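Consider the single chain below, provided in structure tokens and representing the form predicted on its own.
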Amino acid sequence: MTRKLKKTGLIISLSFLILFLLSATWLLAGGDLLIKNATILTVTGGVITNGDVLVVNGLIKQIGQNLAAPAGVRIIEANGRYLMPGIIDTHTHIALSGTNEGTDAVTPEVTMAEVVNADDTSIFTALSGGVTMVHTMHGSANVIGGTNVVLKLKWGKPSEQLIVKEAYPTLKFALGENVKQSSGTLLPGRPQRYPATRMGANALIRSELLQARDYMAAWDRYEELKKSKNPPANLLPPRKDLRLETLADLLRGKLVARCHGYVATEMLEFLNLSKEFGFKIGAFEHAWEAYKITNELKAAGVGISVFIDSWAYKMEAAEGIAYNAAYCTKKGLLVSINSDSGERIRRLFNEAGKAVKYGLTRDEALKLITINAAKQLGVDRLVGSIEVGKQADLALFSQHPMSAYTRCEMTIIEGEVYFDREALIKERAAASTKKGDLS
């Protein structure tokens, strides 16, 4: 009887295992695709007409023409439509359960990676516009905000699987109106919070970095004594301070600064701080007056992440110009176009297309949302262009992405389809029909 029960239990267990494997075939086949007959905008290697892209295990295995699909690999017929690298948004705040820790002007100890919200529908909105990766950031209420996080928009996956660990770890700084208004000076009823002026913001950053420098030196001395031949018997480590620990990592080169700034003079002040303390600036955010200081920015190796033409919406942007992105690109700066929005993110290709009006070629404009953005985030070895060996983050468009009449048909991340317009339309039509039958 016992043997029979054990045998029955084994059969049931095996049956469940087989059913699970059958229902989870996507786990086995995921990441393998062959996209055929596409107009491939490689970004870094020109345009390939009637081209094929073979994806194996989420990586681009082969690019060419008349490629054959291995057995069991899904084939996507592009029929001449345009295949480009997945769009990368270098500045947004989507997929977070919080944006500003505005209770203090200095909060580098907070981290966006701890509040990733994988259920934010803005992720799917972004996918519908061909966006595959975002740099989602602390807000600009604080002079020194928290650490940001780079995400792949893997809709339906747990938050841990969205985080791109290979990207630069970045720390948010902010200058200007947002910081000063958050102090309460311009908002009646709000408690006063230092700083309320530009000089106060600059002084506060310097003060915090000086403390971090001392903190770092104290730990260096401790480690040196600890490793010495005769360490002191009463040797104790310095007190751990999460705020100063983060700023010390900035000074050590483990973090890269991303600074919200509009006005040229403020950006120059922050550049001077980076020289004084030796930290790296990845990019200035918004940077509407960057066109005034291109020489200084280029000499410092600092790029900009900007809107294309939303200038003059507040006093800081009064001297912004629509030619900013194109002009700075021509001057040799690394420029990316961002959304800073959960809605505009779905049409970043339209935003980049506007750069053609302001003097860039289509190829140059396309780089603003692909390889340039990847370089700013430190992931250009992985994504940002269609090259063999890179991750298969791709977007298929009905027409050239710079066309005003195009639309995103399909968005793919690491060889898995996360947005399919045609399939979605059919699914909704079937659901509507079923609802009608029930009524």
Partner chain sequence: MNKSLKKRQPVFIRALAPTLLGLVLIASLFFPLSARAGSPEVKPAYALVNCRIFPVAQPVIEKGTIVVRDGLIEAVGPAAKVKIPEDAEIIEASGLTAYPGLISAHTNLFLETKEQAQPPSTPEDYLAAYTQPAEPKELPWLKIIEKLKPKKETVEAYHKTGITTVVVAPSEGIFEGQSVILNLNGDEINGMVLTQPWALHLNFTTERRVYPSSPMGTLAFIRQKFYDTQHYSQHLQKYRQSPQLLRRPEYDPFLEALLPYVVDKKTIVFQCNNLEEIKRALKIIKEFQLKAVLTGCNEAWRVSQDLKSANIPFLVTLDFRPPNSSVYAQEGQAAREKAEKEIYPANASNLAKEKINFSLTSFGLSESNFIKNLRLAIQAGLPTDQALRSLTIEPARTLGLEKQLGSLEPGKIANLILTKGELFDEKTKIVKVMVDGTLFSYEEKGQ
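For clarity, a rigid core is taken as the largest C-alpha set superposing within 1.5 Å between two forms. Numbering follows the first chain given and starts at 1. Note that the structure is a prediction, hence the values are computed from the model and not measured.
Heads up, the form predicted together with its partner chain isn't pictured, but that's what we're talking about next.
Let me know the one among 112, 304, 84, 267 whose heavy atoms come within 4.5 Å of its partner chain in the predicted bound form, would you? Flagged contact: 112.
Heavy atom within 4.5 Å of its partner chain in the predicted bound form: which of 178, 202, 274, 117? Among 178, 202, 274, 117, a heavy atom within 4.5 Å of its partner chain in the predicted bound form occurs only for 117.
Is residue 155 part of the interface with its partner chain in the predicted bound form - any heavy atom within 4.5 Å? Yes, residue 155 lies within 4.5 Å of its partner chain in the predicted bound form.
Taking 4.5 angstroms as the cut-off for heavy atoms, does residue 165 touch its partner chain in the predicted bound form? Answer no; every heavy atom of residue 165 is more than 4.5 Å from its partner chain in the predicted bound form.
Hey, in the predicted bound form, is residue 169 touching its partner chain, heavy atoms inside 4.5 Å? Close contact is absent here: in the predicted bound form, residue 169 is far from its partner chain, nothing within 4.5 Å, heavy atoms only.
is_contact(residue 72, its partner chain) in the predicted bound form, heavy atom dist at most 4.5 Å: No, residue 72 stays farther than 4.5 Å from its partner chain in the predicted bound form.
Tell me which of 233-241, 75-83, 205-213, 254-262 has residues with heavy atoms within 4.5 angstroms of its partner chain in the predicted bound form? Among the candidates, contact is made by 233-241.
Which residues in 372-405 have a heavy atom within 4.5 Å of its partner chain in the predicted bound form? The stretch does not touch the partner at all.
Is_shifted residue 277 between the shown form and the other one (CA, 2 Å cut-off, rigid core): Not so; residue 277 is displaced by less than 2 Å.
Core superposition between the shown form and the other one, C-alpha change of residue 254 at least 2 Å: Residue 254 C-alpha, core-superposed: shift of less than 2 Å.
If the two forms are fitted on the core, does residue 165 show a Cα displacement reaching 2 angstroms between the shown form and the other one? No, shifts by less than 2 Å.
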